[in-house]
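We begin with a single chain expressed as structure tokens, specifically the form predicted alone.
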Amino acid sequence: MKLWIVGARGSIATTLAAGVLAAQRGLVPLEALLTETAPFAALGLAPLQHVEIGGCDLNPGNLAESAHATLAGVESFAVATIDALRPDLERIAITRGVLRGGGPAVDALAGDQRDAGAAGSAREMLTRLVADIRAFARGEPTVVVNLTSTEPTPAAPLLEWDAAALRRAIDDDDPRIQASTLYALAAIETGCPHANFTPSSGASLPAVVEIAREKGVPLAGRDGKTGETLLKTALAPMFPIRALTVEGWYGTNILGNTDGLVLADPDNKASKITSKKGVLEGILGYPTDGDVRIDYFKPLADHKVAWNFIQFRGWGGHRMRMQFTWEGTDSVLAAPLVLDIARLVLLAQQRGESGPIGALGLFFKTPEGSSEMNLHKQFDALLRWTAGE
């Protein structure tokens, strides 16, 4: 299996690549992979020993150039392990991504590469991406995964377009078309399953879903569920099971990586907040008071901290409260999920499925193809799907 990663020099991609290479060389164990557990053993999933990684980024180069800054700074891997992997990381060449519709916060990430990333029309960008993916895949099973920074919410017309309208808009170089949509379309054009680990619209646009079904390409997404929301979807079902009424649920998150920096922009943050907020009402069946905050705190680097405060009502209307603190390392939590998703969406393709694969909702805050938010029910749905039910 090959993985073509959009945002290939970011924290998650670098952590993923280093972990895969280190495991292949026997330097670290393969842990936290759901697809390596018993229920998935008989599925014939793509072997991890032969995973090959490539991709694109706004700043092209190779993964060795960013590995020390990304990994050693947060102690994801020992410095000696990173040094041992350097020759392998240097061989992973990263092509240039595209810069379109990400807003000022994403534009700033491109630095002096901004003009190159934004060069060309939408059609020219799409053509280049298709060529890059094909050159990497070389006809072998390949999954495209979007690990880029969060884009602002798309303009309303994009949510109404059908496939024909979207194709016309690309030919007309409509400025409202965002990079995430071009990445998704490039994957579909090359016949590669696409996984959207970001809150960006990308493959969730109705027109893109229509094209994916036309081409017989499966989609997985969106917005990987790694930390605070993972805990929410496990904990929230407790309240309706015990007939307890949640009056309010407030959460605040601080993180210091590139994702946190981009989310400091209100337009980009709005997409992420929408994704995180939808979970509770989907589980409880009613809205609650409270808010979700995300703040950039540079000293945390790739670590994140979330604090949640819950007020609920029980017997006789008596009010009670609960609070918890979640601390984790963002990329360490995300990297194995990316592998799990890639192996399973490739399985979906082998089974002849296309469009959003709802059974993969377990891995996402906004599951495409499913309205289920309850983590436990999502896991049951995944197990039934893997069993062919």
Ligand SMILES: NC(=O)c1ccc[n+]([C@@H]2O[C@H](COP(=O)([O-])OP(=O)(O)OC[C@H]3O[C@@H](n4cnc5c(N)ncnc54)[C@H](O)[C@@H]3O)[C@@H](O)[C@H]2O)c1
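We number the residues from 1 along the sequence you see. Just so it is clear, the model here is predicted, and its values are computed rather than measured.
Unshown form predicted together with the ligand; subsequent notes refer to it.
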query: Output flag, 233, 278 and 372 jointly within 4.5 Å of the ligand in the predicted bound form, heavy atom basis; finding: no
query: Position in contact with the ligand when the complex is considered in the predicted bound form, options 305, 284, 74, 109, heavy atoms within 4.5 Å; finding: 109
query: Heavy atom within 4.5 Å of the ligand in the predicted bound form - the one residue of 85, 147, 292, 186 that qualifies; finding: 147
query: Per-stretch contact check against the ligand in the predicted bound form, the hit in 245-253, 149-157, 133-141, 77-85 (non-hydrogen atom, 4.5 angstroms); finding: 149-157
query: Close approach of residue 181 to the ligand in the predicted bound form, 4.5 Å, heavy atom; finding: no
query: Any non-hydrogen atom of residue 199 within 4.5 angstroms of the ligand in the predicted bound form; finding: yes
query: Contact of residue 226 with the ligand in the predicted bound form (heavy atom, 4.5 Å); finding: yes
query: Partner proximity in the predicted bound form: residue 340 to the ligand, non-hydrogen atom cutoff 4.5 Å; finding: no
query: Residues from 256-283 in contact with the ligand (non-hydrogen atom within 4.5 Å) in the predicted bound form; finding: 257, 258, 259, 272
